[in-house]
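The chain below stands alone and is given as structure tokens, in the form predicted alone.
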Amino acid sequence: MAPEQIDPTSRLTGRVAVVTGASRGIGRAIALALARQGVKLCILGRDPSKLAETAIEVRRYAPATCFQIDLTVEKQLQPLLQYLQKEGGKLDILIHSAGIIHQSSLENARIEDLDAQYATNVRAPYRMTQQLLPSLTAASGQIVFINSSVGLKVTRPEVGQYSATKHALRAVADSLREEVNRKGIRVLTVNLGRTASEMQEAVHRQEGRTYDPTKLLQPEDVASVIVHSLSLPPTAEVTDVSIRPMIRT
């Protein structure tokens, strides 16, 4: 099937992007939005069937290569690294969308849950960025960290573990930006309020709340903001964006 029409005015056509968490939700929406801009994609996720579904949609617009990866297992990144090297080592955009959440009071929280959130939400993007930074530097690339509103300020209970990892991820992004700005690399943190997704549905269920995705941010809303930020001319850099649902619930 021939590719569908991409945006002919896009500044991103022909770029190469890696998107984590692309199996579903926000990561999937970002991958599809970038494909519509003519971006060649490497999409990463843990669920092979969901990843394949994303690839089918993405390939309507642009080439995509799938990598079934558990980001907490560092050696599983090797196929991606080898692929990028084989393709000339080019990488223009790295988007960290993968993440997990466990909610509990500090009194009852399991330390294993803290360790798991740290491994996925902090260590994995840190290490992945470290390994891909030479390619991003060569391309004067862009890095996007999908974060959370609780990475800025905690306004509800039982998110201490998750919020701590998101504060840490923000620190990683801020420090990295200071290190790579003069190399022409842009670093963006996107702080999200509640966004319609399987993760948010599970959070609502745990909180005993009715899940109504129509009242939340949509993944496509997030993807649109990211595409616009990535498309800015090289004279401008968006460093932080906060997005929340229009209607507060």
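Start at 1 with the first residue shown and count on from there. Computed from a predicted structure; not experimentally measured.
Although it is not shown, the form predicted together with a small molecule is what the next lines describe.
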item	value
One stretch from 127 to 135, 103 to 111, 141 to 149, 84 to 92 that, in the predicted complex, holds residues within 4.5 Å of the small molecule by heavy atom	141 to 149
Sole residue of D212, E220, E53, D47 within 4.5 Å of the small molecule in the predicted complex, by heavy atom	D47
Contact of I43 with the small molecule in the predicted complex (heavy atom, 4.5 Å)	no
Partner proximity in the predicted complex: A33 to the small molecule, non-hydrogen atom cutoff 4.5 Å	no
Contact test in the predicted complex: S163 vs the small molecule, heavy atoms, 4.5 Å	no
A64: touches the small molecule in the predicted complex, heavy atom cutoff 4.5 angstroms	no
